[in-house]
Structures are given as C-alpha cells and as structure tokens.
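There is one chain below, alone, in structure tokens, taken in the form predicted on its own.
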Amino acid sequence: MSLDLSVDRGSPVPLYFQLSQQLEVAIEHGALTPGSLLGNEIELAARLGLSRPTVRQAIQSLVDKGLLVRRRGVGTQVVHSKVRRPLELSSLFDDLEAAGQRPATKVLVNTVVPATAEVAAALSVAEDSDVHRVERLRLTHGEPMAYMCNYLPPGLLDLDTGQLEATGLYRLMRAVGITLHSARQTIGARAATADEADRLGEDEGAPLLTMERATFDDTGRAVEFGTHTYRPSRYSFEFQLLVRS
C-alpha cells in the first residue's frame, strides 16, 4: 500500500478516526481496490508515528463497516466500498455498475400471483387479479447486498429469468419503450427475520434498511411496486437537503 496518509495531532478529532477516514476515502475513490492488502499494522503505525492500538482501532472500525476483512494467513484485505445511492429514480443495477461494484443477480421467484390488497392499490388493479411477482437477490463481488420483491401488471413486458439475471428491471422496461417518470418511495429500517438473515448473510435480528416504491411511467400508469431490504453495512441512501428561504 502506497497512500499519502497523515494525522494532525493538534486536531480534536481522535487519531484513529483521522486514519480510518482517510482509508475509507481511499476505498471509496478506488485508490484501495477490492482484494488489495492494507499492510502490516506495525509498519503502518511506525510510518505514521502512531501506537499499534490506535492503528488497530482504525482498521477495526472499517472491518465493522464491512470495508475490510481480516484473513488468516493473508492479512487485512479490502472487500468493497459501501454503495451510497442517491434518492432519485434509478435502478440499483445501474447504480452498482456506475460505482464499479460488479453487480450480479439471482432470480429466486418469477411467477404470476393474485394481487393482495396492498399490491392492487399500488398498481391500480383489482384485488386478486393476476400480477407478476419477481424475487431477486442482488450481489456485489459475490456477496449479497439486497433482496428485492417486485410486482408488475400483467402483459407489461416479457420477464425472462435469464434477462432478469443479466440486467436491471428498469433497463428492461426502457428497452421496450416504457418511459419511467416518477415514483412514490418510503424508506425505513427494521430487524431481519430468520429468512431475511439467511438470504443476506446477516444474523437474525440484525438491522436492515427497507425501501418500498411504486413507480409510474410518463402517462401516469403504475408500472412497478417493490419492497426491498438492504444490508446497511454495504448500502446507504444519500440525501441532498436545501434550506428554504
């Protein structure tokens, strides 16, 4: 590792936090790529004039965030950067691709089901009428990041399992001429159920980010209703706030 790292001993910010922030920025910006080794704690401590416990605390904070992993016989290795998704109408697949995260998709369910009251209201269809249900597991660098359950009106597009695993749902919609215009979205958090924990590689009861979204085309037609769960160690939503005058 050859990074320009430094600490300011006159700053009120703890030394371990200064170091962890610089390493996190290096991971986010690609200076430390997935799979690269961070280096020996002793060497890093000597290089920066820090104590070994301070360096260990900085590294552990990034291990806790899921950015680094300690591998026996290998050392401390960069796993991936955390995905910060802007709050706009975009596809998770496209966002991951743009962030260099190498997305992959595993289709768990691809079928037609009767619409529940909630799904019927979101898609403006009759309750118990047929809707398409797709469940997918989205992975990056071989690790699960999100579980997505989506409902679509019947006949909207051909939901081929192979295509769903090769690309994003919104990209498939755009390919058949559907113009996505707006969405109604709710973000929350809750504890993982046993099934969710098993899917996402988390412990039962671990915190998960949740998102519920109804998407509309440029004619006002509802084209998709989805409920998603995300691992917060790998994923966050990014807001831009403006002050009202």
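A residue's number is simply how far along the shown sequence it sits, counting from 1. Quantities reported herein were computed from a predicted structural model and do not represent experimental measurements. So that the term is clear: the rigid core is the largest set of C-alpha atoms that superpose within 1.5 Å between two forms.
The form predicted together with the DNA exists for this protein as well; it is not shown, and the discussion that follows is about that form.
The DNA in the predicted complex is approached by residue 41, whose closest heavy atom lies within 4.5 angstroms of it.
The DNA in the predicted complex comes within 4.5 Å of no heavy atom belonging to residue 185. Not displayed here, the DNA is approached by residue 51 to within 4.5 Å at the level of heavy atoms in the predicted complex. For residue 71, a non-hydrogen atom is located within 4.5 Å of the DNA in the predicted complex, even though that partner is not displayed. Considering the DNA in the predicted complex, the lone stretch of 204 to 212, 173 to 181, 190 to 198, 41 to 49 in range is 41 to 49 [heavy atom distance within 4.5 Å].
If you take 15 to 33 and check each residue for a heavy atom within 4.5 Å of the DNA in the predicted complex, you get 15, 16, in sequence order. Once both forms are fitted on their core, a CA shift of 2 Å or more is seen for residue 64 between the shown form and the other one. Residue 117: CA moves less than 2 Å between the shown form and the other one after rigid-core fitting. Residue 19: CA moves 2 Å or more between the shown form and the other one after rigid-core fitting.
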